[in-house]
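Read the single chain below, which is given as structure tokens and is the form predicted alone.
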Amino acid sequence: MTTPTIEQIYRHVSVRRFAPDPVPPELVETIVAAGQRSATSSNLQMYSVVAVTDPARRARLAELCGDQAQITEAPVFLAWCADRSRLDRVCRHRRYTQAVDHVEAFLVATVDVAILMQTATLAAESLGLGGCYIGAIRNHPAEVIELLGLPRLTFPVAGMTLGRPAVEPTRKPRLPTAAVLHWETYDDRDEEALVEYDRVMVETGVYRGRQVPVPGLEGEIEDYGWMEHSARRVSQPSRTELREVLRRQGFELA
């Protein structure tokens, strides 16, 4: 079963090479406005978006995000921010004090912005644009916060490049639905599905024919696949200073 919306979703691909065509401001506004129609916890709308088109500011963002050329190449960079600062202003107006000294206060804002940016991305893709989420906006969050002038109780959850694709990127296969959809209770008997997905990812050439030692078998090698890639990524801590930056932004996470 399919619909035009589902077909659009299946066409999603991360775009990292962009044509030089500018993206009109009204198109950015249309995309963000579409994102605003997303579900939001209690209609609190705990998000803001900073659209950056200035070349110098995008160049600085590129430096802070791991020197990614796509940030300087794309005509627009969007910083998707969890934002409870607006609710602070609402509370002052109504003579309340916002309770933000707990994990849920940050988590619910993060969920809000995640839903917003995915819906906005779908809208952008329906208009012939493309982009790539930039998690590296959290590499140097304090510097990003200063560069974008983010107030207390805001935090840049993710960045995103936005523009017209210069080339058609390769779509990566996803895990089989059976590996992520559980009925009634969680079922962790997914080794067969993971091994099969690993094989598919190797065959697509995503990892360019790399090889690695077989765990536990000295002298044996095998193709570098999704499981090796993923295990390496999650075995190393990253961005360990985020808690302190969040506290400085007013999220105590108690």
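Please read all numbers here as calculations on a predicted model, not as lab measurements. All residue numbers are counted from 1 along the displayed sequence.
What follows is about the form predicted together with a small molecule, which we do not show.
Student: Select, from the options 36 to 44, 63 to 71, 188 to 196, 49 to 57, the stretch whose residues sit within 4.5 angstroms of the small molecule in the predicted bound form by heavy atom distance.
Tutor: Heavy-atom contact with the partner occurs in 63 to 71.
Student: Between the options L122, L148, A136, L87, which residue brings a heavy atom to within 4.5 Å of the small molecule in the predicted bound form?
Tutor: Exactly one listed residue reaches within 4.5 Å, namely A136.
Student: May I ask you to check whether C132 falls inside a 4.5 Å heavy atom distance of the small molecule in the predicted bound form?
Tutor: C132: contacts the small molecule in the predicted bound form.
Student: Find out whether any non-hydrogen atom of R243 is located within 4.5 angstroms of the small molecule in the predicted bound form, and reply yes or no.
Tutor: Contact with the small molecule, no.
Student: With heavy atoms only and a cut-off of 4.5 Å, decide whether H182 touches the small molecule in the predicted bound form.
Tutor: H182 lies outside the contact set for the small molecule.
Student: Would A231 sit within 4.5 Å of the small molecule in the predicted bound form, counting heavy atoms only?
Tutor: Because no heavy atom of A231 falls inside 4.5 Å of the small molecule in the predicted bound form, the answer is no.
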